[in-house]
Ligand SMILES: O=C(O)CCC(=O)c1ccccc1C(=O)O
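Below you'll find only one chain, the form predicted alone, shown as structure tokens.
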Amino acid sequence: MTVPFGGPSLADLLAGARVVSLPMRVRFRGITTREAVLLEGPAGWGEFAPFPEYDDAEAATWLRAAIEAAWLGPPTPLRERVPINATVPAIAPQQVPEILAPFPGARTAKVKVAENGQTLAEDVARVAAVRELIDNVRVDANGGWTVDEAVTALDALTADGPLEYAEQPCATVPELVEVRRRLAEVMNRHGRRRVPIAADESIRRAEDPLKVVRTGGADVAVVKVAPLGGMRRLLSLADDLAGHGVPVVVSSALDTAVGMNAGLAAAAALPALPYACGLGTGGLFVTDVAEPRQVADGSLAAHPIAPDQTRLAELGAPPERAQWWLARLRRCYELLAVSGDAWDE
């Protein structure tokens, strides 16, 4: 088989692969256990953890990012620490203080909204509970609203205070354009500050990640290392977005401590970092593959950390799940080999 990127062979990957299963404190993104393949290479560790519902073509991009981290290593940093936001899942208001406790000094909170089976009233109550502890709030709907629902919801969610931005309120680019237009009209009518729209899925899962910006559907871009194919690809995209006047927020794809290394490294290498990054999701795990980074003054150190061997053994996935993940890794490697996708650009 052709070796992709002039880099590791499949045997190299499998030799350093460890499949782990991390229990979570609360349900997040519909799951209570996060599985990942950790890869050890000459430059450190990488993480391959595309969500199970993603097909192999999309998942292969995540493998490219893992190989970059483990075989090439991080880009040159421009800062030692990265400001982060607290992350609040779709929980009851009374749980908010407990969830925010691991984020000392955080000045921004991202609150999940539009959860299946929940109501707008629950979203409003959750945001209100967060605002009692952290003033600056952004919300993330993961594309869960229609245009009408988004306008109604964001109107209600700003009744008691502004939002820093609303992340992916609707699923499609045309919907984001329409929400952004209609929401500006509603906010102007009420004398409130316009809610900026941030695009996440419309960038990381798009063939043309700049389309949502060119069509006027986003004020902010949420970018993640693994779905974009690596740290250097994220930096390249951020440079393109800056040319359109759109700042970026580096976020996590529910990464383990290993995957978080790459997110923090990318954020640390950005020329400008105007927003707190969504890289504090390690607190959602009961235990992680390494000792958790300590949040200090709302920020995390950007230096890489290696997984602990004892934790790797304790968190090993069941044999049938390990086999499933390694088979997926093999298929994605073959796709990268066929594509000749370069990782050392």
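Numbers for residues come from their place in the sequence shown, where the first is 1. What you see is a predicted model; the values in this text were computed from it and never measured.
There is also a form predicted together with the ligand; it is not shown, and the following applies to it.
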property	result
Contact residue in the model of the complex, chosen from Leu163, Ala268, Leu254, Val151 - any heavy atom within 4.5 Å of the ligand	Leu254
Every residue of Arg18, Glu40 and Asn261 near the ligand in the model of the complex, heavy atom within 4.5 Å	no
Interface stretch in the model of the complex with the ligand - options 114-122, 208-216, 173-181, 245-253, non-hydrogen atom within 4.5 Å	245-253
4.5 Å heavy atom contact, Thr87 and the ligand in the model of the complex	yes
His303, heavy atom within 4.5 angstroms of the ligand in the model of the complex	no
Exercise: Asn142 in contact with the ligand in the model of the complex, heavy atom 4.5 Å	yes
Contact flag, Glu201 vs the ligand in the model of the complex, heavy atom cut 4.5 Å	yes
Residues in 207-227 close to the ligand in the model of the complex, defined by a heavy atom within 4.5 Å, in order	Lys224
